[in-house]
Each structure stands twice: as structure tokens, then as C-alpha cells.
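Listed next as C-alpha cells is one chain, alone, in the form predicted on its own.
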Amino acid sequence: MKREILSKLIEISRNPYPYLKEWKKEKGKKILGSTLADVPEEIIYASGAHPFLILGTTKPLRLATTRLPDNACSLSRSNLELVLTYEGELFDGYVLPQVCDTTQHLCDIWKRKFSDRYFENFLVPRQVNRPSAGYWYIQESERLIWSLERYLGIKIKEDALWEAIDIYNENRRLLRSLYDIKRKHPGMLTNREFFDIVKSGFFMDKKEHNMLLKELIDSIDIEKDKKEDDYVPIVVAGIVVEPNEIFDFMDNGKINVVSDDLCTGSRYIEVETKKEGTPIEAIADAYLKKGPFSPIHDEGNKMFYNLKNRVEKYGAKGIIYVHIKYCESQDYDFPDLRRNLKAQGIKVLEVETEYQTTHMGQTKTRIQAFVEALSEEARNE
């Protein structure tokens, strides 16, 4: 495996801003930030601007607390802090989805605060089983296209949209291939390394990311590189895993994450956009086929069945559920989800986190104890 490629992807994942500043200086393109989840990045890419997924900061909160209360979810607060205090000058504008009450209010705050920049909210349909959901997503996508065309003074052509879809589909295929290698040979690539690679793609130029992924995959010699050992297969659930040191704790505990339902993981890479109908219809169809997450799903137990199927498909011994503190959607969903999973005999560990968490000792201990209990149970079977 080409460790220099892996090192570059990890470096960008953990601190993307030097790369982006240099990239923007060289390319001269607009950088448009968006937040989780489901903004059609392909449209922004086809416009010639660079889509960037804002995933907050673990640095101290200084200004966000004056605009959002302390009991707002830490992802929303840290996203706002990032652009208010640390890296705001990098962004030329924002496309923010409204997926919960907090993000709805956040859109209003950002629109007022950054009135000198491009801003558009994206109203994501949250009950995707409704007949109107696809139509709604298409209408929102067309509204976004119209807005970007006015802002950039260009016409987003259908050919550019299909090209962007091809590039994003290739990216997802490459990441799925890498996931499969890691899943089968956990000694080759740690959990932290894999999810860092996925995360780097949210920041980089997608063509460059694809090129590096190809080189990395082509350089892997399974017989030479793999270091087989006893790993405990686990499914990770939630929205996003932050701080990323949680993956380090899993690696130290010899956990192999064999599947997940994260917005920054399988939910992002599993569904390809089929080239049927118009580009916007194809993008909307792919959105409707994505897996459920709080707060977007099509029926009350969909998340339960999704996780149950992942456990059974990949032979996982349990689930680690990462709960963002004060996330109202997760607060509502998790009690029923945990009860249903335990009724099926599936072991669940809930890990509550905040972006600004600095003391992770208790989390580390709980993950270690969980995996030791699973290992002991496996030995006694």
C-alpha cells in the first residue's frame, strides 16, 4: 500500500484548510459550504463551484454560544463556530439543508450573519415515503440550479450535470471497494484510516480524490500488506462520529467496523445515481433510496430494520451507537431503536459525544468493556 497517498488523505481529512486555501488560489473557484445532509453536491460541482461539507470544529466555542443556546446540538454549534471564528473567510457562500428544528433556525442565523455572501437553504423532504417527496426534491434542486445560475452568471447544462454524476458515482464505487477490502482484511486499514479517507472526499476536488483512491487501491497487495488477527465485527450507527478519536478507541480494542449507517459513511457511499430520466430526476431518485437516519426516514422502524439487516449480513457482534449530545432527532429515536434491537438479542452500546469533548477517558473505557464482553461471549458459544 502506498503509505504516502494514505498519509495525504488523512492529513487533508484532519485539517483540510491549508489544502483548500492553496486549491482556491490555484483554481480561482468559489467554495460553497453545506452542512449535513443531502444537499445535491453534483449540482454545485456542475456549476463550477466547489462543494465543501462543513463538519464543525473541535476548537473552543467563542461566538456560537451568543447565537445558539448551550442545549443546541454540538454539531450545529460547532459548524457555526467554524465559520464565525476560524475558517469563515474561506467560504464564498453556503447551501444549508433544513432537516430539523435546529437547522431551520440555523439557516435563519446564517442568512442574517452572512448577508454579503451567497446563501440558499435547501428544504429536504423528511418523510421520503410520501408520493410528493420525489417531486419536492426535484423542485428544490431546480430552485438551487436557478439560484446558482444567477449568482455565478452561468448556465448549468445537462451535460455538466451528467458528468458530475459520473464523477460522484465513481467516487462511491471506489470507496465501497476500499470498504470491502478493510472489512475482509481489518489488519490492512484501521477504522480511523478508512473513515478519514471517506471524510477527505468531502473537502477535496472529487476528480483528485478519485485519482488518489485508484492509486491507493491499485497499490494494495493483500498477501503482503494484511496482518490478520482476531477482530470483533461491529456495526457503527448514528449520524457522524466525532471526535474521530472514537475510532482510535475501536482500533485499540481490535474492533472491525464491518458496516455503518453514518451520513459520513455508508449512507453516503452505498447508493449510486442511475442515469435514467433527466439528471435532476436521477439525483432525486438516488436521494429517495438512501438509508434512513435521524431525522429522515420513511417509517418508524426503518432504522431498526436497517441496522438489524446490517448486523445479520456482516455477522456483527453488536452495535456502537454514537449519539450527538442534544440532537433532538436522536433523542426521540434512540429509546425505541435500542429496545427493538435488544429484543432481537443485539447488543448495543450508546456513546454520547460533543464536538468540544476533551476528556474521552470514560468513552474509551466503555468501548473497551463492551468489546471485551462481546469477545468473552463469543468464546463461550
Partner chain sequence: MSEEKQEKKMTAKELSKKLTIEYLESARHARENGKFIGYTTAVSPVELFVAHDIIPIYPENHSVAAITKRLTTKLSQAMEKEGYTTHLCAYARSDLGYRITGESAMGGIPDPDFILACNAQCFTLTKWFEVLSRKYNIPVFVFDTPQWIRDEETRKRIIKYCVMQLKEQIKAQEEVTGKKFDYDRLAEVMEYSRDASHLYRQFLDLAAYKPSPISIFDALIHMAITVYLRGTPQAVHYYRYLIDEIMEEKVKKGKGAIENERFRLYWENLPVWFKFRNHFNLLAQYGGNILTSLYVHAWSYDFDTSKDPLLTLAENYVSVFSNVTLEERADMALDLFKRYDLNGSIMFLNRSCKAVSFSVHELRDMLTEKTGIPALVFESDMGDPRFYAEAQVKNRIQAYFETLEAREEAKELA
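Here the structure is a predicted model, which is why all the values come from computation and not from measurement. Positions refer to the first chain, counted from 1.
From this point on, the text means the form predicted in complex with the partner chain, which you will not see here.
For the marked spot (68, 105 and 333), a heavy atom within 4.5 Å of the partner chain in the predicted bound form is present in each of the three residues. Note on the interface: of 233-241, 210-218, 166-174, 126-134, the segment with non-hydrogen atoms within 4.5 angstroms of the partner chain in the predicted bound form is 126-134.
This chain is drawn without the partner chain; in the predicted bound form, the residue among 200, 306, 147, 98 with a heavy atom within 4.5 Å of it is 98. For the options 281, 158, 142, 180, the residue carrying a heavy atom within 4.5 angstroms of the partner chain in the predicted bound form is 142. By the criterion of a heavy atom within 4.5 Å, residue 267 is excluded from the residues contacting the partner chain in the predicted bound form.
For the chain shown alone, residue 113 is a contact residue for the partner chain in the predicted bound form, at least one non-hydrogen atom being within 4.5 angstroms. Among heavy atoms of residue 252, none comes within 4.5 Å of the partner chain in the predicted bound form. Using a 4.5 Å cutoff between non-hydrogen atoms, residue 52 does not count as a contact of the partner chain in the predicted bound form.
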